[in-house]
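The chain below stands alone and is given as structure tokens, in the form predicted alone.
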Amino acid sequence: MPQFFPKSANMLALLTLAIVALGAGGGLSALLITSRSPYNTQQGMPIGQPVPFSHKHHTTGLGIDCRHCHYSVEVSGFAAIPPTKTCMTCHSQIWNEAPMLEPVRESFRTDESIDWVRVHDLPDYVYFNHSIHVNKGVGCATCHGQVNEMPLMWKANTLQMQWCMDCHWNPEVNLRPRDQITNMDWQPPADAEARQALATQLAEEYDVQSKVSCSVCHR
């Protein structure tokens, strides 16, 4: 039977297979890198809002506690977005004619909510309960970063599954006393033994356990 292909075809076939394998591997690597990049997660990117609300000004500058606005964070799965009347408690007297705050005044006049853009927006298939984390000793800054230093709000962390699991595998390292939950300046003891002792104490006191079952977050 005559030979249809020259011997060089063998090398060409191997080269083609190698190119396909490298292309598939490169494409998969590019996909993984892109999925974890700020382009996809929006980590570290300030998010535009209808009103340029500054957490830095209100928390660091004025000393307002997180729970003044996010009043349900200790008792509910949702941290709550404050109603416009909360803003107007101050801004009916202060900066009450500032053009940048006109959307706030209009919202108050019309009783129509401001269309705030959610910065920390988990997929619908992920269950997250703020009150559970807060009451177990996980501080606001652990997930949201140094909010007291943010003129505009951005995601300090990716909020991807791997990031969540890093904490769920070993939650002790992220615990703090409950009365320090909203304290953005709180730091664990510098001494390693004291730090571990505090973490162990809080984990026992708050009954903190490693929760890694799928049903914990996917219900």
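From 1 onward, residues are counted along the sequence shown. What you see is a predicted model; the values in this text were computed from it and never measured.
The following text describes the form predicted together with a small molecule, which does not appear among the structures shown.
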property: is_contact(residue 16, the small molecule) in the predicted bound form, heavy atom dist at most 4.5 Å; result: no
property: Non-hydrogen atom contact residue 62 with the small molecule in the predicted bound form at 4.5 angstroms; result: yes
property: Partner contact for residue 205 in the predicted bound form: the small molecule, 4.5 angstroms, heavy atom; result: no
property: The small molecule contact in the predicted bound form: residue 120, any heavy atom under 4.5 Å; result: yes
